[in-house]
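Below you will find one chain, with nothing else, as structure tokens; this is the form predicted alone, and questions on how it binds or moves follow later.
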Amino acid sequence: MMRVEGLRFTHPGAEKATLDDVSLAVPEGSMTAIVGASGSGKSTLLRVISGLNRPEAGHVYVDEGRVDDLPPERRGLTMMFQKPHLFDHLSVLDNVAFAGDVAGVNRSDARAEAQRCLEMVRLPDMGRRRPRQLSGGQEQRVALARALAAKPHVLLLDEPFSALDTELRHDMHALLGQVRAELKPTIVMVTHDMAEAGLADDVAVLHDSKIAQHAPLAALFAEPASVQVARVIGGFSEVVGTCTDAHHTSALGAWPIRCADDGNSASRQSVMLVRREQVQVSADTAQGPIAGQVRSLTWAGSRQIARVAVGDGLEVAGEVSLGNTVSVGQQVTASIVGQPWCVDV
């Protein structure tokens, strides 16, 4: 397993710490995705874990042993970056075998292991090629093979697939699933793509230099700990109002809600977080209890998403009901399915 306790790191010249009292545990053989806004410290956290950056405070543990005083090459960790960083003067096979060479493995054994890793990433016949002869997707496969050849206790992935097109990224996701099934490595992956985060067992949200929430992605979609977490996850409309006795009152009217403190009957300012999947938008003006005007239309896969202005400067996003056709500027109605989640202001 891998865990960090109380990590603090400040970039030189910065007034505020990038990481402040960050603690995180990743069980053996599991995968955790790190998400957060740009500049939130996601990549910095991986660099501190790997030993490329030294923290001001806190500790890093691998298999219950402290490694924060060890150099990067002795931590049992391997880091894969967004760019493959292959050695142009070496063949593909020797690039992958490099990890074994550094570890002192004899050349023939290192190359045999490298060939096995190339077969695992579905590039069995590429060993004699040079990196310049590879496509972008092939380069990332070779980089993954090199990371696996190091036989790490923990694999750190810093947005390694973000530069690939959609089809290649999906191929790499499938390959990562195969690697997990065969080798069962412990993985920590930084990503800005929530669909990619969904590959992980758990997702940790970095906000304001701390882990704001750490849970399975389904739980983050259903019950984000704060408005800030909801904004990182995306897909929520924020409705400010008052919560009393498990009902939220706002410009949308009164709605039954779920909240973390269901036993609190006191009236308080709160934000109702409504996922766009919960809002059904209809061209039939008699269909739903919420009336508004379509401000914009976008597509999310096969579903059309409408942003609807409902008065008092409030907009909600929802899916256009199947069989409906709406246009920008059209008057529509909307209804909320189920009970939205509510958090205090």
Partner chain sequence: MSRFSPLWRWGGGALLLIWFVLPLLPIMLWSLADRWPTGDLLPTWGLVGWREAYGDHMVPALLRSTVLGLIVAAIAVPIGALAGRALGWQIGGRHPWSAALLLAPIALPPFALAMGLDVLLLRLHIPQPVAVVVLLTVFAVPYTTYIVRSAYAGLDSQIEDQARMLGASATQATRKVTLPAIAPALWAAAAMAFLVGWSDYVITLIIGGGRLVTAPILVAASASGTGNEPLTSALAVAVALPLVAALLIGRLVRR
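Numbering follows the first chain given and starts at 1. Everything numeric here is computed off the predicted structure, so don't read it as measured data.
Beyond what is shown, the protein has a form predicted together with its partner chain; the following relates to that form.
Asker: Among the candidate residues H170, R122, R116, K83, which is the single one with a non-hydrogen atom no more than 4.5 Å from its partner chain in the model of the complex?
Answerer: Only one listed residue qualifies here, and that residue is K83.
Asker: I need to confirm a contact call. Of G177, G136, G234, P71, which residue comes within 4.5 Å of its partner chain in the model of the complex, counting heavy atoms only?
Answerer: The option sitting close enough to the partner is P71.
Asker: Quick one: does H248 come within 4.5 Å of its partner chain in the model of the complex, counting heavy atoms only?
Answerer: Taking the distances in the model of the complex, the answer for H248 is no, it never comes within 4.5 Å of its partner chain.
Asker: May I ask you to check whether D101 falls inside a 4.5 Å heavy atom distance of its partner chain in the model of the complex?
Answerer: Within the cut-off, so yes.
Asker: Using a 4.5 angstroms cut-off on non-hydrogen atoms, would H89 count as touching its partner chain in the model of the complex?
Answerer: Yes.
Asker: Look up in the model of the complex whether R141 has a non-hydrogen atom within 4.5 angstroms of its partner chain, and give yes or no.
Answerer: The answer is no: R141 has no heavy atom within 4.5 Å of its partner chain.
Asker: Report the stretch among 186-194, 213-221, 200-208, 146-154 that approaches its partner chain in the model of the complex to within 4.5 Å, counting heavy atoms only.
Answerer: Checking each option against the 4.5 Å cut-off leaves 146-154.
Asker: Which residues within 37-52 place at least one heavy atom within 4.5 Å of its partner chain in the model of the complex?
Answerer: Result: R47, S50, L52.
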